[in-house]
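Below, in structure tokens: the form predicted on its own, a single chain.
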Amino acid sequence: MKQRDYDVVIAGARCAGATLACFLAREGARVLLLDKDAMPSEHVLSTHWIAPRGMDVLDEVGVGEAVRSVTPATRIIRGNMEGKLIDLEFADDLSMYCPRRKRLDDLLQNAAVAAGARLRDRTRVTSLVRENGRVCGLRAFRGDREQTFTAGLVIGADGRHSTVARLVEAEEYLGYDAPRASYWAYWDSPGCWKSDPAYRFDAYFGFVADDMRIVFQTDHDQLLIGCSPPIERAESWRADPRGALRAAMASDPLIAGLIRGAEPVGKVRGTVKERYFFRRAAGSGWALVGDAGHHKEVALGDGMTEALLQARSLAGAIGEGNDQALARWWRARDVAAVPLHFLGRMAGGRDGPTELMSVVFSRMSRRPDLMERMVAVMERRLSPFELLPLSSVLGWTVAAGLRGRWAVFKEIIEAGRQGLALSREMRARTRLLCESGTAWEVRQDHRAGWRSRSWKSAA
């Protein structure tokens, strides 16, 4: 076989692509990392949120401490459901972090280059190279020059509008259009942040009427403050996004004090037409990682953690050196990701909090054991659909109905329907995983798959 230019070419050099490149290059693979933008650059659509398991991956790559040195830890998250408040507290060693993307991506890209990967920015993928039906490279433009790069494997880590996914015609499933838009901006932290007892929390997520609001602390003593209105109302924000965001935030008592008399640093960012989906994530000579293969409801703030975990596990699958391992990795990704995908669809609905959500939230505020279980969900130690005992939910529903909140009965029937749909989907995805080969556990140690792999002979 003709010598390839690289073992792996990765299109997309942000958190999924750069992390994967680092793992692969450390094990001796010849890796080319491409990105269409000039690096480093800010990421337009990102919530920065990284859960403890995602921080574990950053520690493995070697950039975790650099993140912690500038980004404050998030240990207390305040939830607000129409005025009912709860504080979810994480252990000190299980904090979440929300680093700005420009700095984080730069750290990851530098780690990949230090490991031996080659990085080319401002390079736009245009087409794929195929040999006997198998993808074996790609063509890309940098400036006005087109160049061909051959490889044993091509990875699309190029986001939700992935060029690689389009070129391999990766089919979509479980897709739906986002019922909400999102607008956000950065503010310098005001003097009341953390000094006023009203702000003794590190992040905030709340429903006020039918808007979702978020606040979290990020690098250099700044706060990201945002709002997700129903898509129908968001169209009116386009004319004056700054004014619309300020007006929405000023109507929330917990946020109004943070922006009073201050202007955002930089422009207001927004996205109106999002789509959430799964895509086929592996084929002959190619794979998709991160948002290129699975994009979920942004309100969950789970996309970066998902990308980091996928990059680590995909490195192990690539190390096995065959398409069957990639297929098993894809199916295992689905089994792990489907519950949160369903949760995002339920939590991000356009109509705001349901009666059932309000009842559950109110009860949870009186149950420290349930708040601990919610923290376990956010840490990815517990499935969101194992959060609440069914007997408790039924009891709360009956009690609410007896107090005249009749809508809760209809909503619990709908929740049951959603639960059955999830159960069917999980059975189907697990069956596909088993059919793709021997049942395969997503690796916690990415190096396990590399020990018999010879990159020189594989090329």
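Computed from a predicted model, the values in this text were never measured in an experiment. All residue numbers are counted from 1 along the displayed sequence.
Here the subject shifts to the form predicted in complex with a small molecule, a form of this protein not shown in this document.
Asker: Under a 4.5 angstroms heavy atom criterion, identify the one residue in 222, 358, 163, 80 near the small molecule in the predicted bound form.
Answerer: Contact residue from the list: 163.
Asker: Among 30, 53, 36, 68, which has at least one heavy atom within 4.5 Å of the small molecule in the predicted bound form?
Answerer: The residue in contact is 36.
Asker: Could you tell me if all three of 14, 49 and 301 have a heavy atom no more than 4.5 Å from the small molecule in the predicted bound form?
Answerer: Looking in the predicted bound form, the three residues 14, 49 and 301 all sit within 4.5 Å of the small molecule (heavy atoms).
Asker: Heavy atoms within 4.5 Å of the small molecule in the predicted bound form: which stretch in 199-207, 235-243, 365-373, 287-295 meets that?
Answerer: Within 4.5 Å of the partner lies stretch 287-295.
Asker: Do residue 157 and the small molecule come within 4.5 Å of each other in the predicted bound form, heavy atoms counted?
Answerer: Yes, residue 157 sits close enough to the small molecule in the predicted bound form that at least one of its heavy atoms falls within 4.5 Å.
Asker: Answer yes if any heavy atom of residue 124 is within 4.5 Å of a heavy atom of the small molecule in the predicted bound form; otherwise answer no.
Answerer: Looking in the predicted bound form, residue contacts with the small molecule include residue 124, since a heavy atom lies within 4.5 Å.
Asker: Is there a non-hydrogen atom of residue 278 within 4.5 angstroms of a non-hydrogen atom of the small molecule in the predicted bound form?
Answerer: Residue 278: no contact with the small molecule in the predicted bound form.
Asker: Is there a non-hydrogen atom of residue 330 within 4.5 angstroms of a non-hydrogen atom of the small molecule in the predicted bound form?
Answerer: No.
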